[in-house]
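As structure tokens, one chain now follows by itself in the form predicted alone.
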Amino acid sequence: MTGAPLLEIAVVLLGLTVLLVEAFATTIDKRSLAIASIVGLAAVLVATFFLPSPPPAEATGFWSFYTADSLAIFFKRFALVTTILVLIMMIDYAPIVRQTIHGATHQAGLGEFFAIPLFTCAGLMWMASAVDFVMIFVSLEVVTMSFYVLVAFTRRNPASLEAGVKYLILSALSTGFLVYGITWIFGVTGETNLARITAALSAANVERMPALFGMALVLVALGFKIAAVPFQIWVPDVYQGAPTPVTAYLSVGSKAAGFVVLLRVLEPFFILPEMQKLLVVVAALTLIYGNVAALPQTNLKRLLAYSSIAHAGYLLVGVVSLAGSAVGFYLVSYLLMTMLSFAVLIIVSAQTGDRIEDFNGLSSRAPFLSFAMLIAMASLAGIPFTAGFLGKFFIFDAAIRQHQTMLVVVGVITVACGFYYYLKVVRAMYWEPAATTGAVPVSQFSRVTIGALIAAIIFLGVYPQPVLNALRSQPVTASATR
């Protein structure tokens, strides 16, 4: 066995340690727990670069449900980096948590607020390595239950409580679809391991319609996770009501986990031609709905919610085009630009609010923050020399190679829509007069993090090779030869 399973164990132990310290060390500054968590996750991240070579692909024993291939290691690192960035944002968000949770001390709730993302991270890492439907289900539930708590964490805020209830009910419904779909697939193939399901579906005597029905049910559950149409109804209200760092975590972490599972699960089912046709329709509808619904938004968190749906559409184009590397690079670019936009939003909204008009004249009050948001919006829109541009370029290039002309046409049109609603934020910052005066304070920790995100977006927009090299040997690309 390689050391890969130890990564998740280390993250779980770190989370338990933070909870224990929080419970018994009542006099410390609870924000130090977030810093300790960041250091611990950074150590695990470094350890991923020193893992021994993974074992050969097997479908027996421990490796029948767990894999340590290049895709898994890449998305483990993705989950770790995402969680580190979320914890940094949570430090800035701590004063708001203090205001909304009334406990025995003024720091009540902060320790749990910093600890729960560690368990979410462990679940995301397990999902990256899951190659069996049983482990996919269990790891998905670990992530989902952690998000139940995080979304409704500021429970005295009615919007947050409403978001938590909606997320709980709809997520539980999607879990039912997932279990029912797995049951149908198991009934047809007699297997839950994805490699063995592939072999079973290749047999001439397999009943394809029940297998297709089971996979359609699984797609409903995964469609909820990635916010694909028509399973996106929860996104705007949950994103707007949840604490802003949790919204960022949902937008990036949950979406990435959903797509890595989708890449693995779809591989055996691309044998069925109906599956690709279904995904083409879902991708097109997701692109159209996400971009059109974002046009009239005036609240920035809600705008980013619909933007998240739109980006799920672009990622689905990559999945349909069998472009694992393009999907991976797009997720990395989406991580950088979404985390950057939410990092700025947390700092500004603490002073004014989260409406677009609250950003009026930000360039005169906080030039650094306005420049950071400019880079984030430019990358989300897909302006050249940003990571977002190359992400869309790779997706569309893969779609052209696979002759997905309709998706390319829809994608190009919806990109134009994106320019309008993303640049509304830029116009507010640089052209509208400021409604308030006074500088916006930025901590040194946040300033360094925001600067690093800006540099990464521009660097990958010019030189994407480091990420592309890390994404070699994607399992999904094997499907292209079928």
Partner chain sequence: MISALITIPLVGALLASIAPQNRARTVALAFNFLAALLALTLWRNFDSGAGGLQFVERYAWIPAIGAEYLLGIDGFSLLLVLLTSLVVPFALLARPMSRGFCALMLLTQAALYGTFTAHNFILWFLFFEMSLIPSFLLIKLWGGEERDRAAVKFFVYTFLGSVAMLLAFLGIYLVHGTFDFATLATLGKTGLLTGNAAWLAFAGIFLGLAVKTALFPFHTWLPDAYENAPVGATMVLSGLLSKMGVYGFVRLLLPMFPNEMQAIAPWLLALAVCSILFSALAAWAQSDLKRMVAYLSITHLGYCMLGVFSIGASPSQSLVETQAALTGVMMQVFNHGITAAALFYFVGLLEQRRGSRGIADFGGLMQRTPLLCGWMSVAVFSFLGLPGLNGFIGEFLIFKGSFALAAAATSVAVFGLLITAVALLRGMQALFSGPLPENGGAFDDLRRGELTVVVPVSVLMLAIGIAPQWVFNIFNATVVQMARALA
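This one's a predicted model, so the numbers in the text were calculated from it and none came from an experiment. Positions refer to the first chain, counted from 1.
Keep in mind that the form predicted together with the partner chain is not shown, yet the notes after this line are about it.
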Just to confirm the contact call: exactly one of 352-360, 128-136, 190-198, 390-398 touches the partner chain in the predicted complex at a 4.5 Å heavy atom cutoff, so which is it? 390-398
L468, A25, I9, L16 - the one with a heavy atom within 4.5 Å of the partner chain in the predicted complex: L468
Please determine whether W431 contacts the partner chain in the predicted complex, using a 4.5 Å cut-off between heavy atoms. yes
Is L170 close enough to touch the partner chain in the predicted complex, meaning at least one heavy atom pair within 4.5 Å? no
Going by a heavy atom distance of 4.5 Å, is P384 a contact of the partner chain in the predicted complex? yes
For the stretch 438-468, which residues lie within 4.5 Å of the partner chain in the predicted complex by non-hydrogen atom distance? V462, Y463, P464, Q465, L468
